[in-house]
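Next comes just one chain, in structure tokens: the form predicted alone.
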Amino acid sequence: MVTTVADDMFTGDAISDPYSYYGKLRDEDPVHWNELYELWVVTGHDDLVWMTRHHELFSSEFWKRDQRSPYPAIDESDMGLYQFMREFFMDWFIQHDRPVHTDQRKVVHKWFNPNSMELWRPMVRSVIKDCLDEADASGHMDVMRDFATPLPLFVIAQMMGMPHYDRKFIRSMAEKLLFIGRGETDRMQPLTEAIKEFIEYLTPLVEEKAAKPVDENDLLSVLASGEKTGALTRDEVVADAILLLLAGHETTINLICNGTLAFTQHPEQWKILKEGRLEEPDAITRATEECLRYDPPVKSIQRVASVDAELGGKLIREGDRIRWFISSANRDPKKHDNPDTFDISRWPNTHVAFGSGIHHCLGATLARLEGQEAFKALAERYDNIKVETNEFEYQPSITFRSLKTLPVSLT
């Protein structure tokens, strides 16, 4: 189908306002063949959920099965780095289908259950207090740098037993790994540098954990136990440790930062949150879920077709690659009333910020907990949070919705 939307998903407009860009695609051609990147772009809520629940048709083994050229294109001289990157990502448990995915996820699945996560809430509150106490001293902060980033980074590093002084290194490597969702032709350079440095850093730590009895309070130790049971190889343990470090803080960073921006742009919602004027479930739960829906931290997920399948009247052939867009699905008017309105009274909130089906985000409970405590603390402390800029610059990523900076003054 011919649309009025250009296929380049890395333009300034597509990055800064994915809701208009993908919203037009959803209205005009919700299952769209992107000729430029040779992939299907899926933007409707029900189509996304249907795909997640038919995982046998749409494989998570993207890096193993995709036979097309990289998109966007990379420097020809970096194809060796591209192959190295593919082989590394093949070791992530989220890059497998059943039954391998199920067996590998089981190694740490219980660790992330709601009861276990609740044990970390006091520590989350303590880190938040430290961050905001420091901000109070000046009356200003960069939400991204001074609050949204240090909180989840501290928490996941603590969970995995990483030394305090290594957190700056972990974040710097994570920022390089995020080039996986960017469009620069030379993006393989920083990406593979981070993979190699992370492997070098984590390998001796994994060896140490594997040599000792399993410590159920130490996530890295629990992950290393997967090698003893045969669920994981040593390389897979190291790769999954990198995955947990990255995913364990990057998405929550964006949840807190994007959510704070949404509240500053909707002062009437901020007042409702501060006054707690919502029915059960409590205001902070509703508010966090609406932040996840309105401006979700993850924009898109990729898959590859395992077999020929029909979707939206289109034939998706075996081997075709697909990206579904959470940003668009969360604002689908067929699923949500007034979808472009930020409304923290919205309930139930059927967003898909954490995906759906067997690949539903492992860390969803932790992200919710951190988001709830962050927004609650901000509401308890400040009558007004004023953004000190009129221009918002986002990381040029097709995968994440991530502000570069968010300077605010605090009253």
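Residue indices: 1-based, along the sequence shown. None of these values were measured; they are calculated from a predicted model.
There is another form of this protein, the form predicted in complex with a small molecule, and it is not shown here; the text below is about that form.
Item to check | Which of 190-198, 244-252, 70-78, 222-230 sits within 4.5 Å of the small molecule in the model of the complex, heavy atom basis | outcome: Answer to the contact question: 244-252.
Item to check | Proximity of Trp324 to the small molecule in the model of the complex, heavy atoms at 4.5 Å | outcome: Within the cut-off, so yes.
Next on the checklist: Would you classify Leu292 as touching the small molecule in the model of the complex, given a 4.5 Å non-hydrogen atom cut-off?
Outcome noted: The answer is yes: Leu292 has a heavy atom within 4.5 Å of the small molecule.
Item to check | His360: touches the small molecule in the model of the complex, heavy atom cutoff 4.5 angstroms | outcome: Residue-level check for His360: yes, a contact with the small molecule.
Item to check | Arg105: touches the small molecule in the model of the complex, heavy atom cutoff 4.5 angstroms | outcome: Yes, Arg105 is a contact residue.
Next on the checklist: Looking at Ile344, Ala367, Ala374, Val42 here, can you tell me which has any non-hydrogen atom within 4.5 angstroms of the small molecule in the model of the complex?
Outcome noted: The residue from Ile344, Ala367, Ala374, Val42 that makes the contact is Ala367.
Checklist entry - Taking the small molecule in the model of the complex as the reference, which of Val124, Ile284, Leu202, Val298 has a non-hydrogen atom within 4.5 Å? => result Only one listed residue qualifies here, and that residue is Val298.
Checklist entry - So, Phe112, Arg303 and Ala353: all three within 4.5 Å of the small molecule in the model of the complex by heavy atoms, or not? => result Yes, each of Phe112, Arg303 and Ala353 comes within 4.5 Å of the small molecule in the model of the complex.
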